[in-house]
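Read the single chain below, which is given as structure tokens and is the form predicted on its own.
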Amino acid sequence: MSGSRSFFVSDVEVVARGLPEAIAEGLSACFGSCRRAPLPARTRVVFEVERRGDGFRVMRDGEFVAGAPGESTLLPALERALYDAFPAWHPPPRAILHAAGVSLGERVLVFAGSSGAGKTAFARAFLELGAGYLGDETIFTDGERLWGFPRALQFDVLPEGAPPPPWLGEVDLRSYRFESDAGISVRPLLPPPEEAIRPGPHPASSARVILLERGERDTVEPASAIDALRVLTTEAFGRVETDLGPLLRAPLRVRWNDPRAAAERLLRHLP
């Protein structure tokens, strides 16, 4: 039995066909919150999954882009093929920032930092505080506007059957199962509330960059525009050829130990 799913990345409608039922459900869990295009749709891209013996081939508009030796490895292969296409869909002057984003009224907070710095944790903390949601990993900008990819929040992989850490709370531990070198693993997912999804576009001038770092206690302090530019460009997906100046007004640095407490501290610090 096979199925299809569709969702939007910026102004690209992505259609995935020929999916085994479990993979179709996994894609829905990951990207079902991306049903609305943040920009007027301009093109449609089709990913076709073809079974070859015990394995699968992933084709994008008729071109081979990924393989999977079995169904247990197909979902990560599809996801990687999707992200690998992002640069072609976002040529300059667009840039793909490795950042999370939330909205507070007309203001956007862009959380940037190295892998493990807490981008997803802060996106979740602000969702719990009633913020709008742009995305937990990917923010797009053309220098004048920015917008998000509001997939389900994804947390660190767990071995199958391992209890999640208590702080993780209620998450989906069923939809994203896959086989890795360590055995069967689970990617915890947290779909954003429908009413919180606000990918944009938003004026780039409405954004404030928050540089995240882990620390022994929660602190908020000003950061330099140079530091913000360095982090945004270093952690971007690909080369940045976009004027990020509108995003660099009054950045802040947050060192945190508890993301919810640090988020509340940051809220008090904002004018």
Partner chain sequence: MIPKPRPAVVHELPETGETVLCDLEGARLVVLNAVGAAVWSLLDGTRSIDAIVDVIVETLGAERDVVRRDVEAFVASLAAQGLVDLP
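Numbering follows the first chain given and starts at 1. Every value quoted in this text rests on a predicted model; they were computed, and no experiment measured them.
From this point on, the text means the form predicted together with the partner chain, which you will not see here.
- At least one heavy atom of Glu241 is located within 4.5 Å of the partner chain in the predicted bound form.
- Looking at Gly70, you'd find every heavy atom of it more than 4.5 angstroms from the partner chain in the predicted bound form.
- Heavy atoms of Leu39 never reach within 4.5 Å of the partner chain in the predicted bound form, leaving it off the interface.
- In the predicted bound form, no heavy atom of Ala262 sits within 4.5 Å of the partner chain.
- Of the candidate stretches 58 to 66, 30 to 38, 211 to 219, 232 to 240, only 232 to 240 contains residues with a heavy atom within 4.5 Å of the partner chain in the predicted bound form.
- The partner is absent here, but in the predicted bound form a heavy atom of Leu248, alone among Ala24, Val254, Leu248, Val9, sits within 4.5 Å of the partner chain.
- Residues of 62 to 78 that come within 4.5 Å of the partner chain in the predicted bound form, judged by any heavy atom, do not exist; none qualify.
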